[in-house]
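What follows is one chain in structure tokens, specifically the form predicted alone.
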Amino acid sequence: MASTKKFERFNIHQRLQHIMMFTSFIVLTITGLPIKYNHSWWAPKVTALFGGFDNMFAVHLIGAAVMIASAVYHLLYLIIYPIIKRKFSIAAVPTIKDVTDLVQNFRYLFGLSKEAAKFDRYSYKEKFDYWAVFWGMVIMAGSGLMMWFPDIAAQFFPRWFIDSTRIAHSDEAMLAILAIFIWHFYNVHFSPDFFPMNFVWFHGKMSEESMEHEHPVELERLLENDNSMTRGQGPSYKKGESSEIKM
């Protein structure tokens, strides 16, 4: 009989941050591509759906504001949450294990090993996704704000630098779109293990079977803590809750 035990993977704050991020990203993609490819046959058709360019651009700016707000929310969360909960984690920081996991996965995929890599709380793929957002936000938000407020930007940067932000904004946007809709969507949703969707983003819970498959090292630690608590020897956090900050 399959286990019905659920483990909290993301709390309400993390889910809200993620929802703000991916909804704003989708809005920015839909409204940004017609601007980048404005000479394409389909761009005027998409623009017309918004009632004209001005309306579409206004929606684009709203999406940008929501995305920046989600980034600020996340940064404040990383600072305040450890203070309130008195717990700190570096689980999302890349380590040597990520390198060995990558090598082990290649060996497994090419038939050179019978075992796939066993991941802890975050795999190297998840860490890549996470830190790519930091890099992308610096470029996208920075360049976007310069184009949004050129008069203020001109007080601090030369004209050639401000002009170059258009190229940086456009190219980074395409990189992000390709990474999200090909790499991230497959790993998280379209993989046979999760198709048609992994609903962890919605309810924040992961089953024991999924944990065994995706994060066996973390599951082993959680079960050991659970057993310790049953014997009255364990830490004081809730049953099934990770002792780490879930970034």
Partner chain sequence: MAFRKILLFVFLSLALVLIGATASVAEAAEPNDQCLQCHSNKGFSIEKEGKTVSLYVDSNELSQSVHGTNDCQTCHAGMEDIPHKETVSSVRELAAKVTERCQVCHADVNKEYKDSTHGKLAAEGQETAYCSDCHGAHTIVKTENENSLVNRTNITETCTKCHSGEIAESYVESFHGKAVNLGSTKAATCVDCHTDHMILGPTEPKSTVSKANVPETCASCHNTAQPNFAVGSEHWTFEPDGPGKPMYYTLKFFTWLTIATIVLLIVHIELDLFRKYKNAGKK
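Residue numbers count along the first chain shown, from 1. Quantities reported herein were computed from a predicted structural model and do not represent experimental measurements.
Just so you know, the form predicted in complex with the partner chain exists too; it's not on screen, but the next bit is about it.
Joint contact, 18, 25 and 50 to the partner chain in the model of the complex, by non-hydrogen atom at 4.5 Å: Contact check failed for every one of 18, 25 and 50.
4.5 angstroms heavy atom contact with the partner chain in the model of the complex for residue 220: Flag for residue 220 set to no.
Partner proximity in the model of the complex: residue 44 to the partner chain, non-hydrogen atom cutoff 4.5 Å: So residue 44 counts as contacting the partner chain.
Contact of residue 36 with the partner chain in the model of the complex (heavy atom, 4.5 Å): It does: once the partner chain is placed as it appears in the model of the complex, residue 36 has a heavy atom within 4.5 Å of it.
Contact test in the model of the complex: residue 139 vs the partner chain, heavy atoms, 4.5 Å: Output for residue 139 is yes: heavy atoms within 4.5 Å of the partner chain.
Residue among 100, 164, 95, 89 with a heavy atom within 4.5 Å of the partner chain in the model of the complex: The option sitting close enough to the partner is 164.
Heavy atom within 4.5 Å of the partner chain in the model of the complex - the one residue of 65, 30, 179, 197 that qualifies: Contact with the partner chain in the model of the complex is made by 179 alone.
Residues in 145 to 179 close to the partner chain in the model of the complex, defined by a heavy atom within 4.5 Å, in order: In sequence order, 150, 151, 154, 155, 156, 157, 158, 159, 160, 163, 164, 166, 167, 168, 171, 172, 175, 178, 179 come within 4.5 Å of the partner.
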